[in-house]
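A lone chain, given as structure tokens: the form predicted alone.
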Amino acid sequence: MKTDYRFSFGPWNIHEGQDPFGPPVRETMTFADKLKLFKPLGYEGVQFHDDDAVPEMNDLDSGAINKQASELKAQLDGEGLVAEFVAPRLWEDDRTIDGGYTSNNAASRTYSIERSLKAIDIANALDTKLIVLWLAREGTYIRESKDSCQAVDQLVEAINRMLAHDPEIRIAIEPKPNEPVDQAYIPTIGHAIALGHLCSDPSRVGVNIESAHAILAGLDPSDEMGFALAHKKLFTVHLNDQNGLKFDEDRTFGCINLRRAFNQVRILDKHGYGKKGEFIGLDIKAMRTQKLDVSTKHLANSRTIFLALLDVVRSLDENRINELVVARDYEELDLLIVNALMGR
């Protein structure tokens, strides 16, 4: 059975174009207007940070948070959309300057865990059981400022609190080697999966693989995906592209390295990703040069490129590939793949 894929993105993927070196270049689009774009672009899943779903949640009590989240659920229903996941946003608060779960300040660690539990409550109101943890500031600028062994214990404590808060919630750790901190404690998928095995219920702790984050770690995203698939830990993906080992660019999927994108599609399709309802999630930003009326082309293009590469993957003569592998004729296999990508 071939997988029929569902696609998702987050509202932050439609943005004003501000970067560290310049102001916004596009007008702000309301959240309601963004939701109306999902279906026409071919997407049915919405990724959320907790405060995308409930703005200013730190100033609200649990009743008000649940009320706003329930109203959002009705709004999603009205657009024919579903929430894919909720992610606690722990990297923008004054209390998390030195990290969230691994902060040297006990009150900051407490705040981070409590906020994460509120994110789970929001997820329940939105009818999703997936929480994504991007451990953005869980690392250091200088290694002597924290104890890396203790930091792992602190991360396990936080995840265990989340697992205990809801016996059905699943947690997908999203690793990244650097940015915003210089060096992260959980930089790769191997680290994330190992961390999950230290937790109280490893079966509910998996990973979210972002293409660019793997590239920033000097790794191939499709290999990271294969590793997670072998462990049955690939809960979701963030597909995009990346122009080298520098800052996180979130470029349109496949626009930089088409063969690298092809191999991501191939490993996902070959091993049944999506058959249990997993989404093809995109985390991509429009180029700053785009005007407002064409500032969603990156979303349309990424989905188009994925589906085009899926056609290439499924058109390959696997018997011929196996023959070349057995013969160890990798040059001929190399040409076969390149020709397929060139439509020859």
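A residue's number is simply how far along the shown sequence it sits, counting from 1. Remember, it's a predicted structure, so these values are computed and weren't measured experimentally.
What follows is about the form predicted in complex with D-xylose (XLS), which we do not show.
- Partner contact region in the model of the complex: 209-217, out of 142-150, 269-277, 224-232, 209-217, criterion any non-hydrogen atom within 4.5 Å of D-xylose (XLS).
- Of the residues given (185, 111, 134, 262), 134 alone sits with a heavy atom within 4.5 Å of D-xylose (XLS) in the model of the complex.
- Of the candidates 171, 87, 189, 122, 87 is the one whose heavy atoms come within 4.5 Å of D-xylose (XLS) in the model of the complex; the others do not.
- Looking at residue 91, you'd find a heavy atom of it within 4.5 angstroms of D-xylose (XLS) in the model of the complex.
- The shortest heavy atom separation between residue 176 and D-xylose (XLS) in the model of the complex is within 4.5 Å.
- In the model of the complex, at least one heavy atom of residue 49 sits within 4.5 Å of a heavy atom of D-xylose (XLS).
- Contacts to D-xylose (XLS) in the model of the complex (heavy atom within 4.5 Å) from stretch 214-252: 238, 248.
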